[in-house]
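Just the one chain here, laid out as structure tokens, in the form predicted on its own.
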């Protein structure tokens, strides 16, 4: 699988890069927990972070003029273990300079379909987040109605969502989507869901024609989430505001403090080229390719056996 991926990008003259696993900063996303490491450099001790994604460092390379790049490497996320999760996992991340999100989606489909050539998938499906959410829930994800979301959760015997999600629109969408939409996506096929609600903007640009959505896509096969991609935000001030908002949410929920990456902000200020990028979990992909029931079956040593 790795050899085929590297050939795919070599044929397109996309440069393979390597960025640090340890960094002075970390992503602020409230949905992600991270690992820290003590760095003892006399006379003082510093806290470093194991990267949850190589995204920020790769964007600094893009801003420095690298051109289109990809990376296969390890990422680390705390508190994640289970059938589809291991705290240390292998990620493929790539960025295509000058690509719109639809162009990137074309390339994603080409790569995935090529990897599954030995056990062909059904035709790739592309569907908007709003359409697929409405079809399985009857709720409009672009309009937050606490009463409607609570009623739906109770009707579906998911009343715990009321206490978990509160008045947080993004949390409600994540909860409902994961329980009632995602399991139906990509039956023996690649399903790409695009046009996510703006409250789930993260690092994506707002859609020029509809400010209620962002230029984001997620990938699913047989209900398993494989990847997440964006038409990348290039506005340094907007990115800084989003980081501050996420830091405030982390503080409100009493989550471990993150450190905003000022080097990334500086790179955006210097000029990030128009580009689209995506990250794909390769362990989950290998699970599907090998018909494995658990991520443990495709890891030499999972966290339970390391």
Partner chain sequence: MAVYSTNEFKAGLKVMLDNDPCAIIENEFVKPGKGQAFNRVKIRNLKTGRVIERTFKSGESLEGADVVDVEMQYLYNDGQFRHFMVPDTFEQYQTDEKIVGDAGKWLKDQDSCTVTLWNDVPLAISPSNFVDLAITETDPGVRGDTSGGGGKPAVLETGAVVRVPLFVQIGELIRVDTRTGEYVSRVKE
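Numbering follows the first chain given and starts at 1. Keep in mind it's a predicted model, so treat the numbers as computed, not measured.
The next section is about a form of this same protein that is not shown, the form predicted together with its partner chain.
*Asks:* Using a 4.5 Å heavy atom cut-off, which stretch among 66-74, 235-243, 31-39, 261-269 contacts its partner chain in the predicted bound form?
*Replies:* Going through the listed ranges, the match is 31-39.
*Asks:* Check whether residue 85 has any heavy atom within 4.5 Å of a heavy atom of its partner chain in the predicted bound form, and answer yes or no.
*Replies:* Answer yes; at least one heavy atom of residue 85 falls within 4.5 Å of its partner chain in the predicted bound form.
*Asks:* Considering only heavy atoms, tell me if residue 124 and its partner chain come within 4.5 Å of each other in the predicted bound form.
*Replies:* Taking the distances in the predicted bound form, the answer for residue 124 is no, it never comes within 4.5 Å of its partner chain.
*Asks:* Answer for residue 80 alone: is it within 4.5 Å of its partner chain in the predicted bound form, judged on heavy atom distances?
*Replies:* Yes, contact at 4.5 Å.
*Asks:* Is residue 100 one of the residues lying within 4.5 Å of its partner chain in the predicted bound form, judged by heavy atom distances?
*Replies:* Outside the cut-off, so no.
*Asks:* Answer with one of 151, 134, 164, 143: the residue that has a non-hydrogen atom within 4.5 Å of its partner chain in the predicted bound form.
*Replies:* The residue from 151, 134, 164, 143 that makes the contact is 164.
*Asks:* Between 181, 198, 171, 109, only one gets a heavy atom within 4.5 angstroms of its partner chain in the predicted bound form; which residue is that?
*Replies:* Comparing distances to its partner chain in the predicted bound form, the residue within 4.5 Å is 171.
*Asks:* For 207-244: residues with a non-hydrogen atom within 4.5 angstroms of its partner chain in the predicted bound form?
*Replies:* Heavy-atom contacts within 4.5 Å come from 216, 225, 228, 230.
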